[in-house]
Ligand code: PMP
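Just the one chain here, the form predicted on its own, laid out as structure tokens.
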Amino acid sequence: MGQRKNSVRVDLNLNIRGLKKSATLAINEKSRALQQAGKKIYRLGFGQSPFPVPEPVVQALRENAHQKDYLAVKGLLPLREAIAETYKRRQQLSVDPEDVLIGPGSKELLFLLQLVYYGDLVIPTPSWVSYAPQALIVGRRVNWVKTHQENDWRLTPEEIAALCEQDPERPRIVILNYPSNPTGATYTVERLKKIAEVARKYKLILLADEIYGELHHSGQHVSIARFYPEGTIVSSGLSKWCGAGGWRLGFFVFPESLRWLLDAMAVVASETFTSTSAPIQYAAVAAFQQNPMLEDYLSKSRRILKFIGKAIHSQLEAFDVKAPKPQGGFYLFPNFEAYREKLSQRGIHDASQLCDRMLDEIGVALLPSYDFGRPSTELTARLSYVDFDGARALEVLDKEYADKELDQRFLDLCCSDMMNATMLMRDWLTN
């Protein structure tokens, strides 16, 4: 019996052997440690919203701090009703509150989905750092689908179809994250419709990770669930658009045809996290109710992010570092290939070496693209443009830019560190 137990332990360890701490969390902790040691660090590696949680949501948390009872595993019913109503209003989706599952962050829900659904995980490269490690922990097979810079690193329906044609009956979950982490790019309605056609043909489950949907820079995010409602699970939460990453509240919206999958996840949830924090769930109801203050907050957040993203993108392009134009969220995916020969002469041959040296020598923290599934020798990285005081930026916007366009002075007042960081990168690359 003892021998059998040891065998099981070894098999389980195989799934996590070689895995490391989430890259986004690791760069945040390393940057903080260097700052505490007295080094000036430009934190362009960690993707956390810079804006404060909107006051109506904060007030709702104050009023519900006394809530102490365990809630239903699937989540607080008024919250599920508010989310369902939001998707009806904003995405014209017919959502029943019974098709909404609340969790302690969408990250945890993604893990449970892979745990209960037997199928391959299909993800584009580059993609968010935790998709593939979660699949490996659970023991699922990962199919990386190549994307290309000329297409802004986005999936194409042809690439998905080519993979599915190899084994048409194989169950698969396809991740569609947009606006994208790490590229900031999104999809046109035409492209979404074509992907939906492929998904329907091969009976795929689409996990539409739309956590940055509300931060589409023009406020025009369209869910692919409109075009493939029967097979799309929409994933979102409070962390990005509401500035509440540490609150840890995410949700999945299922089609009725996949309610059996929701129920299976709820069973596992009942044996793991039990339920999401009660005060947070009660407070979150306010985040999904129609409120002019929230709409104003979102409009201003988008305006600021759009302007900063465009400014940094222009600076990068000026010294021949290519990246897709940001369309949502707060990321850029710069490609340093133009400097390969110069970097090689300095002993830098891949993205990890590039990011390590940049952090050590000029204090600029980026994440290497290897952590996002790109080839180790590629000289690409993720840049997160949130190293600024969001509360101050909103205040300056209200006082000085309510009736005029944002300009260089706004960058000087609110984002000088990030603008300095891009100039440091320029000098470091060109000297």
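We number the residues from 1 along the sequence you see. As the structure is a computational prediction, the values presented were derived from the model and not from experiment.
One more form of this protein, predicted in complex with this ligand, exists but is not displayed; see below.
Out of the listed residues Thr86, Gln281, Ser223, Asn177, Asn177 is the one that sits within 4.5 Å of this ligand in the predicted bound form by at least one heavy atom. Shown without its partner, this chain lists Ser275, Ser106, Asn335, Gln327 as candidates; in the predicted bound form, only Ser106 has a non-hydrogen atom within 4.5 angstroms of this ligand. The chain is drawn here without this ligand; in the predicted bound form, the stretch among 123 to 131, 303 to 311, 289 to 297, 316 to 324 whose residues come within 4.5 Å of it by any heavy atom is 123 to 131. Although the partner is absent from the chain shown here, none of Leu101, Thr232 and Asp263 has a heavy atom within 4.5 Å of this ligand in the predicted bound form. Mapping the unseen interface onto this chain, Arg80 falls outside it, with no heavy atom inside 4.5 Å of this ligand in the predicted bound form. Of the heavy atoms in Trp153, none are within 4.5 Å of this ligand in the predicted bound form. Among residues of the shown chain, Leu113 is not one whose heavy atoms approach this ligand to within 4.5 Å in the predicted bound form. Using a 4.5 angstroms threshold between heavy atoms, Arg248 counts as touching this ligand in the predicted bound form. Scanning 199 to 229 for heavy atoms within 4.5 Å of this ligand in the predicted bound form gives Asp209, Ile211, Tyr212 in sequence order.
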